[in-house]
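Only one chain comes next, encoded as structure tokens, the form predicted alone.
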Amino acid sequence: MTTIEDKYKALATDNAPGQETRQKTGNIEALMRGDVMAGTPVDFSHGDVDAFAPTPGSFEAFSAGVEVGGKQAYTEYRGALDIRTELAAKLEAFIGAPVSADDGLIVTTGTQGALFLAVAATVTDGDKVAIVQPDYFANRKLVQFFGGEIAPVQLNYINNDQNAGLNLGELRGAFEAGAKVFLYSNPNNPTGAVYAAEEIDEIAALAAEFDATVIVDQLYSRLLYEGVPYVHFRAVSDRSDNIVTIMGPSKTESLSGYRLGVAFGAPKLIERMEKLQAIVSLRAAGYNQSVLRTWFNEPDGWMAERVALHQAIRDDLIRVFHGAGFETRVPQAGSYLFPKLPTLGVDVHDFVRLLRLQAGVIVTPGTEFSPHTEASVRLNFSQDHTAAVAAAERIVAMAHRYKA
């Protein structure tokens, strides 16, 4: 029997972005070897909004929302209708499928808020949910929190650039075992893998065959690297009554401080999400909603430049890790890198703490994303280019220092 203490213990937020790694596993002082390494501290647990500034005009849009006053402060629980109408048109053009501003879209408190609401709207005690491993750490934690049972589906992402590497046989097996929800991110967080068209087609076919709901997190779907094709799940599947897509401007556009996200899809699920948001947080902050007017309205060339800058950092980090023999998939999108460390003589959680203390580098341990990726660490490389490369070199040096 799961107790309330068990539920909250499973949330385990010590390694969440912005938190220091407070989990103590062993005597770190006894493990420490060598001098503290010099270099600019880098926090790879989240993107640096100083290195990559928010969308031009975002603060002015926020100020305009403040000027509107009470009408903007107290919108519908699902967000201001005029803003939703603008968003629906932009999203339709982006994904190539209809989006209803009236009953098929909700503005949320960040994409994290959208994810919470979407899982709550589809999962209850005893429900089986197909979860990709590795994938965004909150997916499995929220499913477990709401009493769901995880049906794992492996992602064979290493040494693979043709597709994401989803084990479609395991996905079918999960549905055959009773899973009624499939939850995944595309691009994948933490690996940066993008699902190929054939994988998306097969997911859609399996979901239709087993009448399953699909929740897809497409947070990084605008930050695609050169030559990478992307297929929106909603554009492939005609089962609009069983799909929720999550997006937002917090990462690629560096608007995380405004806590804005959107979810769109099945009206019955969006309605459930609104009812819960009305109790949990009422609405996404009213004035902040105005910032969404800048989304997809960036100056000409702004997005292309942002992608190019991230790709340059990605390429240099790949050279560092591949040069050191670390198995690392080249991300096709997003700003995440998931290198596999060599065999260490210390526990990975100890190594993560040692990295922070001796090298001034904060990373997220791979155990957050899957029990099978304990040898990996995740880096968000949306950072100052020079500092990020130097920090990656310190990670390599530390791995050699603490090698088994």
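Note that residue numbering begins at 1 and tracks the sequence as displayed. Note that the coordinates shown come from a computational prediction; the quantities given were computed from them, not determined experimentally.
This protein has a second form, the form predicted in complex with another copy of the chain, left out of what is shown; the following refers to that one.
Though another copy of the chain is absent from this view, in the predicted bound form it lies within 4.5 Å of a heavy atom of just one residue from 210, 145, 225, 326, which is 145.
Shown without its partner, this chain lists 293, 90, 259, 306 as candidates; in the predicted bound form, only 259 has a non-hydrogen atom within 4.5 angstroms of another copy of the chain. Of the heavy atoms in residue 69, some are within 4.5 Å of another copy of the chain in the predicted bound form.
The closest heavy atom approach of residue 35 to another copy of the chain in the predicted bound form falls outside 4.5 Å. With a 4.5 Å cutoff on heavy atoms, residue 322 does not count as touching another copy of the chain in the predicted bound form; it lies far away. Mapping the unseen interface onto this chain, residue 29 falls outside it, with no heavy atom inside 4.5 Å of another copy of the chain in the predicted bound form.
Not one of 95, 237 and 241 comes within 4.5 Å of another copy of the chain in the predicted bound form, counting any heavy atom.
Segments offered: 107-115, 227-235, 296-304, 188-196. Contacting another copy of the chain in the predicted bound form at heavy atom distances within 4.5 Å is 107-115. In the predicted bound form, another copy of the chain lies within 4.5 angstroms of at least one heavy atom of each of the following residues of 36-53: 46, 47, 49, 50, in sequence order.
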